[in-house]
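Read the single chain below, which is given as structure tokens and is the form predicted alone.
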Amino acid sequence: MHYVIVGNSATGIGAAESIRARDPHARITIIGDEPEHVYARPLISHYIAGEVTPDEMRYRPADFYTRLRLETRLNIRAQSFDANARAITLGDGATIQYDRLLLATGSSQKFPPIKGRDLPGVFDFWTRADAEAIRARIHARGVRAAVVIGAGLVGIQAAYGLRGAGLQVVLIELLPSILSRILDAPAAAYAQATLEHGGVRVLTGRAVAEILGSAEQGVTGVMLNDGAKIECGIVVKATGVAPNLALVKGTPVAAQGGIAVDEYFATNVPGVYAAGDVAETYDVTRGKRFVNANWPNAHAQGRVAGLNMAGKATAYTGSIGMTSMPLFGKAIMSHGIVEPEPGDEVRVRESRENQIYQKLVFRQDHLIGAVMVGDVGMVGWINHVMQSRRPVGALKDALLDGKAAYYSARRALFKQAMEGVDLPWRESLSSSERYRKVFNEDTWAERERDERKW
């Protein structure tokens, strides 16, 4: 059996590990268009800031590919595939036959056709190569100022990394608030204040009309839509991302916003699977298929896809849109749907003095969204409640009321889970063992000790 994985990042690695665990003798080939050993993409900003080294960016140990006996074709792009012949064609013209194929091509950045976008010093912020190029320009040109266009997650990470590298940074966002797709207005205000406190200048409701400079000198600044000019030696493009669907265009593989897959990550073409940022999976909070592009989802989907490819039928329960970031010492988290619709219920806890903001969104008695700034201690619990899809009932009034109510809510939900589950091990296990079985937490003993305190 020959498994071919297109994508050498979180999804592809998760799949390779699952396949190798299930099929010790299979041939596994990973194709990746970057030359590097697999690395953690979320650490790019920390690398630019000088907080991590290249070795610390590795997502798996240096001997990972040899230890798992993985064949690699790195620094080369998969150009096309023939579903009938079960063959992938690479950028150098070589072809690779497969028995089962995983499309884990991820996503990439998109940017509007602004004049000057091709000048030296204008960068994407997506790969380690982008980070290396940015660092090289900073040191070679003595760059002291940068402009980041777009204040979504990528833009925020870019601004953080460039500021950490000692540059003066201006973050420009067309919309009225930053991180508008993942935070509500109050949380976005807290995030903006945190950025500004960290030394990043934030301009909202503004757009870049032109990137200024020359082919010889490179970027010298930007002109805004109101005619204002900002001098800089680096411009980072961060106006959005989109799934990499080029490989499936012109093929029978069904794709719209992403590649359509079932709960086993199988596409409509036999032997072809897709997972990660490129796949549309069931969104637990939206109740429909959606592309939830983030690192934890990507790896989890890869692992489940790998199990299914290797013959162990494993249904994927669904993904949740999630973001978690440390921003100049402040933790910010977003899960699910953060803007309520008519009929939804909302619970808010806020302490402006302590810079804490928490908001929960409920729909038809189910938790579908959460935003937390400053105090994210309940993230694991919130994620569990969303994933379980259980009605929360009166617990919605207790979830943000402090530790006593929090642990009371945990006990109540545990009791509800046990009463509603008829499992053969139910009567044979102690209360502590049942608790661990239901919630599947390594820290269950510590949690129970805390509950006894309260």
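What you see is a predicted model; the values in this text were computed from it and never measured. Just count from 1 along the sequence shown to find any residue number.
Keep in mind that the form predicted in complex with a small molecule is missing from the display, and what follows is about it.
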Query raised in the report: For the chain shown here without its partner, which stretch in 179-187, 255-263, 289-297, 216-224 has non-hydrogen atoms within 4.5 angstroms of the small molecule in the predicted bound form?
Result: 289-297
Query raised in the report: Quick one: is residue 277 in contact with the small molecule in the predicted bound form, heavy atoms, 4.5 Å cut-off?
Result: yes
Report task. Classify residue 175 as contacting or not contacting the small molecule in the predicted bound form by the rule of any non-hydrogen atom within 4.5 angstroms, answering yes or no. Result -> no
Query raised in the report: Taking 4.5 angstroms as the cut-off for heavy atoms, does residue 104 touch the small molecule in the predicted bound form?
Result: yes
Query raised in the report: Taking 4.5 angstroms as the cut-off for heavy atoms, does residue 281 touch the small molecule in the predicted bound form?
Result: no
Query - Interface residue in the predicted bound form among 51, 397, 56, 34, criterion: non-hydrogen atom within 4.5 angstroms of the small molecule - result: 34
Query raised in the report: Pick from 85, 76, 356, 348: which has a non-hydrogen atom within 4.5 Å of the small molecule in the predicted bound form?
Result: 76
